[in-house]
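We begin with a single chain expressed as structure tokens, specifically the form predicted alone.
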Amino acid sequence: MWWRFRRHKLAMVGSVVVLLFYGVVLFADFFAYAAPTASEAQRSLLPPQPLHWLDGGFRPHVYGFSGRRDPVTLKRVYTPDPAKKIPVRFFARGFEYRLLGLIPADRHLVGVEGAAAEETLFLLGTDEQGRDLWSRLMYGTRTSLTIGLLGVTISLVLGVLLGGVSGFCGGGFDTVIQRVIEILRSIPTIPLWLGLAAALPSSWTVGQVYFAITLIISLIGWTELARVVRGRFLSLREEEFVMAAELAGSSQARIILTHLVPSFSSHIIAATTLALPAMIISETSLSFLGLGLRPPAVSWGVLLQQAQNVQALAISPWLLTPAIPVIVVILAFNFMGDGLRDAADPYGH
């Protein structure tokens, strides 16, 4: 399977991209140079600062901004001032955090010399509250990708367990589980999300809403895998090795987990990989519509909420930047899933 997967170039590229994104998930505090909630009204809607690498040698720097009030719109207009060169340093000190949630640290990938990075460095600009978009994007990546991973894990457990029981035991178990699947699949997805999200109390904390959204997405997404697992179990339960295991006294749980599931584990891996993009899109869509995570939580969908206003988007197009990682990671997961599916196909070449 590995040799066949390696020949799929797009799948290899997609795998590298996915690993890089999950590297950001693990070290989001290190890649961010400003706290995600640090805001300042005077820095509202600052444009991105291009990073300049050379200045009589290798001296990374950005230009400071000069602000003025537009006499027509009365809005602050910022223009780069080449006379204000702000040196950028790598592995600079900044706000304190816990690396991997355990190790106290204050080093960040980039920072500035002699000043607070959140006050002078804006690689992707700022939002309406003056919060740094690059740093919030790092934290949003952590939230959105972990929700996708947790949601797929729960869906995988439910799909394999209920699909296995349905296909292997049959009878009343099969009838009840299949009717539940048909009911869930017949309900339109968006109204179901609306109802479940509206049922969440507004007094819940960010952590409670996070886990509730994860459960909602996973409880909807397990049905597809359960159908696939049921079909495979129906074809495998009459095989000789299953009959031999039954005669040897193995329990049904042992037969399912030890003998049946490993026989098509490659297919489960491929199906899980292809389900991850759907989970990420679900969370992003819910949060974008205001039905999922809500501020002060930070996710891709929450970041894109400010891009709903067309007028604000025309003035500040960088507010749409969080859509780029969504597109990139979805494509990467799809390429990787296609490669895994082709590599796991026993009839492929």
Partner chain sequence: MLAYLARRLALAVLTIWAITVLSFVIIKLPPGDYITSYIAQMSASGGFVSEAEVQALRREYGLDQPGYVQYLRWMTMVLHGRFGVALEWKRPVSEVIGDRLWLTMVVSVAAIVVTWALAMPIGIYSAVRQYSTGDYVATFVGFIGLAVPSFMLALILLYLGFKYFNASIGGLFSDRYAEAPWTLAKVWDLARHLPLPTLILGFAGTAQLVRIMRANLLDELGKPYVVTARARGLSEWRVILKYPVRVALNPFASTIGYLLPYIVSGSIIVSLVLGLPTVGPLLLRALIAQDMFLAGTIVLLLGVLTVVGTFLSDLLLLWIDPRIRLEGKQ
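Numbering follows the first chain given and starts at 1. The structure displayed is predicted, hence computed values, not measured ones.
Absent from the display: the form predicted together with the partner chain. The rest refers to it.
In summary, among the residues 104, 191, 249, 171, the only one with a non-hydrogen atom within 4.5 Å of the partner chain in the model of the complex is 191. The single contact residue among 11, 326, 24, 18, judged by any heavy atom lying within 4.5 Å of the partner chain in the model of the complex, is 326. Highlighted residues 7, 229 and 261: none comes within 4.5 Å of the partner chain in the model of the complex, counting any heavy atom. At a distance threshold of 4.5 angstroms between non-hydrogen atoms, residue 45 is out of contact with the partner chain in the model of the complex. Within 4.5 Å of any heavy atom of the partner chain in the model of the complex lies no heavy atom of residue 64. Heavy atoms of residue 186 reach within 4.5 Å of the partner chain in the model of the complex, making it an interface residue. Heavy atoms of residue 96 never reach within 4.5 Å of the partner chain in the model of the complex, leaving it off the interface. Exactly one of the stretches 32-40, 64-72, 45-53, 287-295 approaches the partner chain in the model of the complex with heavy atoms within 4.5 Å, and it is 287-295. In the model of the complex, no residue of 147-176 lies within 4.5 Å of the partner chain by any heavy atom.
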